[in-house]
Ligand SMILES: CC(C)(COP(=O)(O)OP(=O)(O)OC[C@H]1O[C@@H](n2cnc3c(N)ncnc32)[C@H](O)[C@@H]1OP(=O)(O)O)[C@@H](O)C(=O)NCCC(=O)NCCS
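Before any questions on how it binds or moves, here is one chain, the form predicted alone, in structure tokens.
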Amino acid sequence: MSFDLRGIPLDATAARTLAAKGLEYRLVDTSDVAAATAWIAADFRGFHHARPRQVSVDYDLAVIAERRVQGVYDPTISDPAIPVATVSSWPTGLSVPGGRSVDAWAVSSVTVSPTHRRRGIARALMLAELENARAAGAALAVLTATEATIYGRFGYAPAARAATVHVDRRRTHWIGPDAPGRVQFVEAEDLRRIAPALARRAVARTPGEIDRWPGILDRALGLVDPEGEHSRRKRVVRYDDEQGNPQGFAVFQVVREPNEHGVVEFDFLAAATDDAERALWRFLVEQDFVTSVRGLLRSVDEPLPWLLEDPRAMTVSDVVDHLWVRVLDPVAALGSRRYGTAGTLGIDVTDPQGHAAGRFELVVDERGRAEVQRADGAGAGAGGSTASSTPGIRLGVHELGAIFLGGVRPSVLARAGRLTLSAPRTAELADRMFLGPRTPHLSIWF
């Protein structure tokens, strides 16, 4: 998707709804530094962050210049230049099973001031973002959620989880294979030149990851405020294969009290190959003068326990529903990914907002490639099948988003009464079809 984000018309329904409450729904001109800075102030306040330093403002100004930024304004408050609600969005690729990508619409910075709660502001913004996504030609919308009860009402569902991984350094003894390459320390500025290409390759391996924008790499590498205390704590290592080609990197810090053993902490590890992933993990868990390793936003299906003599050295906490998916175009979304087995499945989708509603037929060949077509005509069978002999499922758009990446089995939703089967054995077929080769995972916030 390549187009002028400001060219998408402001959603008329949202503007009308908010105007009736004395509020103005506005597209922010990100080249207007004063207006954009006021929007950033509201965004920081909405997430309870400290007032931003100028270096943070400058960073955010560069980031939002590439996004569609909107705010809701109240002309009656003491400082009407600062919006009482914010949202930003942009087109992105979402990795799907099979090493492919689908056009998605990322939604971020959703805040409403506590002074303006219960006025329908969040609802107006979220419904407008679905319209923006459709106008952009996105097959689905995605977001990360700080609150788990808000976004389901707009058709989003948790589709990929993340967890905090803890490793007891004193119990680690590596039994995995030696990587043929080597890990070495590098300077962040030097790595920055190749980081985008490495990140793209790493993202493509795992369903649920989204494209990395330049600003997130600058922040991860500590280049936004290089002389700040947090940035100076960061260390960067790169894995090169036996031919000397970079295949992955990690950014970490050691947190410790004076003269005490430390804790290795990291939240950015990009591995384009299995060798790179194993080598970087080994580097992180075998450091001396540390008691433990803590990895944030890691997969719930890490290979690490199988690389340690004592698999109980690794524990997992804070397992959360991290990536939320909202399907808008089932034909494009379902057709974008590869599937676990051949078969034909009728899918009957309900959608309160109407975007994804309809009956569809998913036909998967022996190589996992899909053809999807609407099947809204007469003759649809029970459970959403397009013919009486075709196995089918009936579900809501929320449930469709949950199973899309393979992180939730259709049979689990059927057991919960959230999905209807045309026949009991349909659950087995649906499970095998939607199963992906890799557990979906998103390793960043956005």
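These numbers come from a predicted model, not from an experiment. Numbers follow the displayed sequence, beginning with 1.
The form predicted together with the ligand is left out here; the points below concern that form.
A.B. asks: Among 120, 226, 176, 80, which has any heavy atom within 4.5 Å of the ligand in the predicted bound form?
C.D. replies: It is 120.
A.B. asks: Taking 4.5 Å between heavy atoms as the contact cutoff, choose which of 183, 191, 150, 269 touches the ligand in the predicted bound form.
C.D. replies: Flagged contact: 150.
A.B. asks: So which of 45 to 53, 29 to 37, 390 to 398, 415 to 423 is the stretch with heavy atoms within 4.5 Å of the ligand in the predicted bound form?
C.D. replies: Going by heavy atoms within 4.5 Å, the stretch is 45 to 53.
A.B. asks: Is residue 245 a contact residue for the ligand in the predicted bound form, using a 4.5 Å heavy atom cut-off?
C.D. replies: Although the ligand is absent here, residue 245 would stay clear of it in the predicted bound form, with no heavy atoms inside 4.5 Å.
A.B. asks: Does the ligand come within 4.5 Å of any heavy atom of residue 146 in the predicted bound form?
C.D. replies: Output for residue 146 is yes: heavy atoms within 4.5 Å of the ligand.
A.B. asks: Should residue 110 be classed as touching the ligand in the predicted bound form when contacts are defined as heavy atoms within 4.5 Å?
C.D. replies: Yes, residue 110 lies within 4.5 Å of the ligand in the predicted bound form.
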